[in-house]
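Shown below, as structure tokens, is a lone chain in the form predicted on its own; questions about how it binds or moves come after it.
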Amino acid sequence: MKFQPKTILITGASKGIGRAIVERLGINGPDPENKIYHSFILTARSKDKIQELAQKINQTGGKAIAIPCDVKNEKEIQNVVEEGLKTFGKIDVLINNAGIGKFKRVDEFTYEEFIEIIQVNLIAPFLFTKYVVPSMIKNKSGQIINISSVAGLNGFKTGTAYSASKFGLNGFTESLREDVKDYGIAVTVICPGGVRTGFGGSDENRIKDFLLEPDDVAHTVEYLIHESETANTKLIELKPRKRKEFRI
């Protein structure tokens, strides 16, 4: 497969799945033999962490900028996109990865908690897409990858807010594809099962018998960004295999 350098904007880049994607595509996965690298626009709330990642990418020979952003703030989102376009001239791939989760019985949620989950997991992907898509339409090319969850396919106890946001993201993705397919823009949603991260306050070092690694999701993203220009994978449900140490 011929390596095609892309300019990639990724949200939630500082930790978990986002960091794994950046490490695989930007630090461990370029094509140094031919001196071809992806370029990155990294955004997250943690300025220090994304600056550290950007520095590592730049040291490998690639190019990266780090722009802190609160994804609940539309002006900050718009600024990330504008700075990215100003720096690189284009955005080939948008990866909407930032997300939060709070889990409890429906009557235990406050209004503010419920709205925050919807803002981060659904409204932020809408806003990043809104500001990135015009440049993709102009270029008649592009790719949008939304990191959702199996919770966007199946509800679960204590998951009213989280599942609502992820079901919404899946529906948004499905309709977005119809909006932009005439311009050659690919749109995909990835729905991973449980991933070993600190997401939702869980212990990232705790090993369950069925649990994905962040790099498993990153590997799937890597496959997608190298997908043929004549193909568009719509949805990937990524389920964990039973870990070797627990197999019968």
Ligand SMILES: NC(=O)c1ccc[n+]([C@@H]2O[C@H](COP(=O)([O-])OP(=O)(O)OC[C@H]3O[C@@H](n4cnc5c(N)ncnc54)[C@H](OP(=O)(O)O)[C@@H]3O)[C@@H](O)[C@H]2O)c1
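Nothing here was measured: the structure is a model prediction, and the numbers come from that model. All residue numbers refer to positions in the sequence shown, first residue = 1.
The same protein has a further form, the form predicted in complex with the named molecule, not shown here; the description that follows concerns it.
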| message | Taking the named molecule in the predicted bound form, would 46, 98 and 192 all count as contacting it (heavy atom within 4.5 Å)? | response | yes
| query | Using heavy atoms and a 4.5 Å limit, would one call residue 147 a contact residue for the named molecule in the predicted bound form? | reply | yes
| query | According to a 4.5 angstroms non-hydrogen atom cut-off, is residue 69 in contact with the named molecule in the predicted bound form? | reply | yes
| message | Residue-level question: is residue 61 within 4.5 Å of the named molecule in the predicted bound form, judged on heavy atoms? | response | no
| request: Would you check, heavy atoms only and a 4.5 Å threshold, whether residue 15 touches the named molecule in the predicted bound form? | output: yes
| message | Considering non-hydrogen atoms and a 4.5 Å limit, which listed residue (164, 176, 120, 85) is close to the named molecule in the predicted bound form? | response | 120
| task | Counting only non-hydrogen atoms, choose the one of 107-115, 153-161, 129-137, 90-98 that falls within 4.5 Å of the named molecule in the predicted bound form. | result | 90-98
